[in-house]
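This document opens with one chain alone, in C-alpha cells, the form predicted on its own.
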C-alpha cells in the first residue's frame, strides 16, 4: 500500500523515513499541538514551499534545466486567485475562476518560453528566464490600478475560511475549529496531494526520460526521444505546480504582492532548499523546505536566547546577536553543502547503501 502511494520510490533510509514521518505528523496535527500564530504560519509556509521546491526540483534536479522564472509562475498563481477574490467577490466561484485562469496563463507562458528558449544552451536559457521574470515583476509593480503595485492586494476569502467562522461550537482536542484551521488543512491536504503527484511523475516512464536527458541529452536524442518536447512538458508541469503553490499561499495569507511571490530573494531561497535537501530527490524538497523555513523563522529567536546566556563571555554575545542571523544561516548553508554535497537525502541514501 505504502509502496503504491509513494510510486515505488521509498525513502531507502531509516533515518530519512523517520524524519519524513515526523514532519508529516507534525504538519498534519499543527493546529492542535501549537499555540500562537507564528507556529501555524510557519507550518503553512512549509506546506506551500514543499510544493514549490518539489516543482523546481522537477526542472533542476530531474531534467537539468536551470530556470530563474519559477517565482513568476508562483506569482501568477497568487495574483490570479487574489485579484479574482478582490475584484469579483469573496466566493468559491471567484477563487476557482481565478485559479483556472492563472493555471492557463502559467502553462501557456511556460510553453512559449520552453518552445522558444529550451533549444539554446543551459546558461542562455537561465538568462532568458531571468529577463522574463524581471519583466513580469516590473509589470506587476507598474500596473498599480490592477495589482496594487508595490503594496499588493489584501482581499477577503470565502466565509468558510475566515478566522471568525466556527464549524462547530465545541472545541476538538482543546482547539476551536475555525475558518483558519479549515484553511490550514486545505493547504496541507493540497500540498500532500501535489507532492504525491510529483512523485508519480518522476517515477513514471516520462520521468525516466527526463533523467536520461539530464544525464546525456545527446544520447537521449540519439535514442529517438525528442528532448525539446520532454523539456517543454517538464517546464509546463513545474509551472502548473508553482501556480498552485502560489494560489495556496494567497488563500492562506489573504494577501498577494510582489514581496511575497515575485521577489528574487524567494528564487534564491528555493535554490538553497533544493541544494540542502538534495537535487533529483522529491524527498529533498520536504527536508530542505522544512529545515530552511524553520531556521528562517526561529534561528533569530534562538540566537537571542544564546546571546543573553553568554553575556559574561567575551566576543560570543556579539557573534550570537539576533541581527547576525543571516550570517549564521549562510554559514549553515556552506557547511551543509560541504558535508552533504549530494544533499541530505543523497547522503542518507549513500550511508544506507
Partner chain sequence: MSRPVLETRDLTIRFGGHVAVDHVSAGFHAGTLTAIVGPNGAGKTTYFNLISGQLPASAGAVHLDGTEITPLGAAARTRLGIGRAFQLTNLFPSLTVHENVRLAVQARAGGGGNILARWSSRRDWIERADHFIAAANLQDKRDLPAVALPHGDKRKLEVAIMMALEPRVFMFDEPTAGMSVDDVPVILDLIRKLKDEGDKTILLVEHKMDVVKSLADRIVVLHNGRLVADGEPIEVIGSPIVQEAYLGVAANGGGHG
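In this text, all values refer to a predicted model and were calculated from it rather than measured experimentally. Numbering follows the first chain given and starts at 1.
FYI, the form predicted together with the partner chain isn't displayed, but the following is about it.
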Residue within 4.5 Å of the partner chain in the model of the complex by heavy atom, from 222, 172, 193, 167, is 222
The listed residue (91, 203, 260, 176) that reaches within 4.5 Å of the partner chain in the model of the complex by any heavy atom is 203
Counting only non-hydrogen atoms, the one stretch of 131-139, 69-77, 230-238, 178-186 within 4.5 angstroms of the partner chain in the model of the complex is 230-238
- prompt: Is there a heavy atom of residue 274 lying 4.5 Å or less from a heavy atom of the partner chain in the model of the complex?
  reply: no
Fill in: is_contact(residue 216, the partner chain) in the model of the complex, heavy atom dist at most 4.5 Å
yes
(Q) Please tell me whether any heavy atom belonging to residue 3 falls inside 4.5 Å of a heavy atom of the partner chain, as the geometry stands in the model of the complex. (A) yes
Does residue 251 reach the partner chain in the model of the complex, with heavy atoms at most 4.5 Å apart? no
Restricting to 55-94, the residues within 4.5 Å of the partner chain in the model of the complex through any heavy atom are none
